[in-house]
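Shown below, as C-alpha cells, is a lone chain in the form predicted on its own; questions about how it binds or moves come after it.
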Amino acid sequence: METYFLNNEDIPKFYGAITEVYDLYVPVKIESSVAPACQSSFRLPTADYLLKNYALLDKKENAVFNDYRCVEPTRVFFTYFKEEVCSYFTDKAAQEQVDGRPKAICGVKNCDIFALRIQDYVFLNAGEEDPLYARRRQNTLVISGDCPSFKETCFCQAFDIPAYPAQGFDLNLSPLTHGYLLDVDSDKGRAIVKSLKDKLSPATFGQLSGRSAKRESVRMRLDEHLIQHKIPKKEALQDIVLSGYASPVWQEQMRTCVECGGCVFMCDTCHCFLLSEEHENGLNKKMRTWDGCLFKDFTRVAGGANPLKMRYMRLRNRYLKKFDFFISNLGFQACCGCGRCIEVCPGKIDIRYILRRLYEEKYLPAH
C-alpha cells in the first residue's frame, strides 16, 4: 500500500480526475433535528451526511469530508431497492444500459467496508454469483475515509471494528490539518493517482505519526462513549443470542414496533429480497425487491402457514441470523455497529440495549 499527501486546495483536482472515469458520489452535510438518545461526557455531533452525485450538486451544496458514516447504507449502490433481473443476468449490454458509467463512492467508512463482506458472501461467494452485483462491485471505486468523530448511535468499536479502514478500499482519505493522507490499495486507485502525480507527495514520518495520534484519540473517546451502553464483546454474541431464545426482551421490544421496515432497509448487512413478476406491454418482467425478516409475510408459505407469525418471533429470528448463522458460517457477526437501525426506528428499539439485556440475563441473572 502506498501513502501520499494531498493538499486541501487540490481536492477539486482529485475529484476531477475521478469524474473522468466514474460517476462520483460525495457526502453533503445536512443538519439534523434528531437529538441523541443519551449523552457522553463530551458533546457529540448530530449532523448527517447524504451521498449525492458530484456533477449534480447545486450552488448551495458543497462536497465535504464526512466525519462518520453517511445516512445511506453502501449496499444501495450494489443491489437496488427494486430492479428487473431476468434478462440482465445474461445480457451484458442490458446491464450496461441499466447501470450507466462506473461509480465512485466517496465517504465510505470502515463499518460500511465490514458490511460489504456480508454482501459479498451472499451475492458472490455463497454458491452462486449474482452477475449484477458482481459487475457493480467490479466497476465501483471505493473511496473510504477515517472517522475523526462519531454519532451517539455509533458502536463499531464494540465489535473490534476500528474507526478507520486498513483494507477493502481502493483509496482512503485520512484528514490532517492542511490536507489528507491518501492510501492507495488497488490498481483502480493507482490509475487515479497516476493522473495526479504532480499534486501528490510521499507521506512523511511526521504526517503518518500525526494520523496515528488522531486515530488513537478517536479510539479512546469512542471507548469512553461505549462504556455507558455495556455492549457485550463479539465473542459472547452467539452464546447470548442462543441462550436468550426464551428471553422476555423480544416481546418487550416489539411492543413499539410498527413494522415499517426501516431497520432492515437501512441496515448495511441486510440482503434479503423478494422475486416477483410484473406484466408490462405484453411482457412479464422478473423483478427483485428488497425484503426483510420483520415483515409478517416474509416467512409465510404457499399454504398460508407462517412459522414466524408473531412480531417478537421475527425480531428474534433477525438476531439469530446476524449473531448465530453468520458467526457459524463466516466466523463473524452480520452487524457492523453503524447504528443506522437505531436512528431510523420510530419505536426506539435499540440493538445495543437488546444485546446488553441478553448478556445480563445469562451472566448477571440477579439484574
Partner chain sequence: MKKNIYQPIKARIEQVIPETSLIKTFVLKPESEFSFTTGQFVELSIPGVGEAPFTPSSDPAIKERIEVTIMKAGRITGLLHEMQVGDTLGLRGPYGKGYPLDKFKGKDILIVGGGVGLAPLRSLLFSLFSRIQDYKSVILRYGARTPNDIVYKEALPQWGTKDKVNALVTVDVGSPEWQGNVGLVTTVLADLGIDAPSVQAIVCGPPIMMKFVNLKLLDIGIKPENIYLSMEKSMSCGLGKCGHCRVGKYYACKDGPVFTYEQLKDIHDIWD
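None of these values were measured; they are calculated from a predicted model. Numbering follows the first chain given and starts at 1.
Keep in mind that the form predicted together with the partner chain is not shown, yet the notes after this line are about it.
The shortest heavy atom separation between Thr46 and the partner chain in the predicted bound form exceeds 4.5 Å. When contacts are judged by a 4.5 Å heavy atom cut-off, Glu61 does not count as touching the partner chain in the predicted bound form. The partner chain is not drawn, but in the predicted bound form it has a heavy atom within 4.5 Å of Glu278. The partner chain is not drawn, but in the predicted bound form it has a heavy atom within 4.5 Å of Lys286. The chain is drawn here without the partner chain; in the predicted bound form, the stretch among 162-170, 227-235, 127-135, 204-212 whose residues come within 4.5 Å of it by any heavy atom is 127-135. Distance criterion of 4.5 Å from any heavy atom to the partner chain in the predicted bound form singles out Cys86 from the list Met254, Ala158, Cys86, Leu176. In terms of contact with the partner chain in the predicted bound form, the residue from Phe332, Phe65, Tyr54, Phe298 that brings a heavy atom within 4.5 Å is Phe298.
In the predicted bound form, His271, Cys272, Phe273, Leu274, Leu275 are the residues of 246-275 with at least one heavy atom within 4.5 Å of the partner chain, listed from first to last.
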